[in-house]
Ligand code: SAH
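Read the single chain below, which is given as structure tokens and is the form predicted alone.
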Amino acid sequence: MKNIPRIFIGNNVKNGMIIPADKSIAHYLTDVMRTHDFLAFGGGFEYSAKISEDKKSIMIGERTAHTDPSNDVTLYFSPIKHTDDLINMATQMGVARIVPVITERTVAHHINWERMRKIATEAAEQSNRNSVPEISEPIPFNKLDLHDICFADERFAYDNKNTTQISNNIKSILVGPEGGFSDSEFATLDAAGAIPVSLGKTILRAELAAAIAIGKLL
């Protein structure tokens, strides 16, 4: 079904449903893509679907054989200037959950999270996922559960440490802000037994660091 539009309909989409068609979806399908047929997805599944001739209703058909390529990784990250790029990349890499964490050096405090959710939805549609990652409300660093979590440790860029091995049961990773973690945050991470992960010997932009960090868990 290559080149057929894919649209996120919601996590409760099921075969046989008839739902009202959002005007933006109707415009995209009939005026931009010039079609009434598309693939609807949500909740981990994908279905054949059609928009009615009057553009007011969507009919959900049979479930397709396409399996969701997403994973069970949770990304914790400090909001950054290019949070939109980070959300886009993390979604394309299949993460299940995205949790913003406010650290001491976080500078991007006024993110439009509804826009970020829209970016995640569009990235899921493009990347052949059957699900859209959950984006949580921001939490402070001191409320973060550091049990069974690894973190991108820029200290590896300066020290001749050996790369830490990550066990298969670790499914959460934390990435800091542009300025990195503070000394007190490093102390907290180390004391809690959080697993430091090297991203190489160069200092990366935060959005690229997040993408490489996710790759460490896949």
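Quick note: we count residues from 1 along the sequence shown, nothing fancier. No experiment lies behind these values; they were computed from the predicted model shown.
Another form, the form predicted in complex with this ligand, is not on view; read the next lines as being about it.
For the chain shown alone, residue 58 is not a contact residue for this ligand in the predicted complex, no non-hydrogen atom being within 4.5 angstroms. In the predicted complex, at least one heavy atom of residue 180 sits within 4.5 Å of a heavy atom of this ligand. In the predicted complex, this ligand lies farther than 4.5 Å from every heavy atom of residue 13. This ligand is not shown here, and in the predicted complex it never comes within 4.5 Å of any heavy atom of residue 40. Of the candidates 197, 194, 9, 25, 197 is the one whose heavy atoms come within 4.5 Å of this ligand in the predicted complex; the others do not.
Note that among 48-56, 168-176, 66-74, 28-36, the stretch whose heavy atoms approach this ligand to within 4.5 Å in the predicted complex is 168-176.
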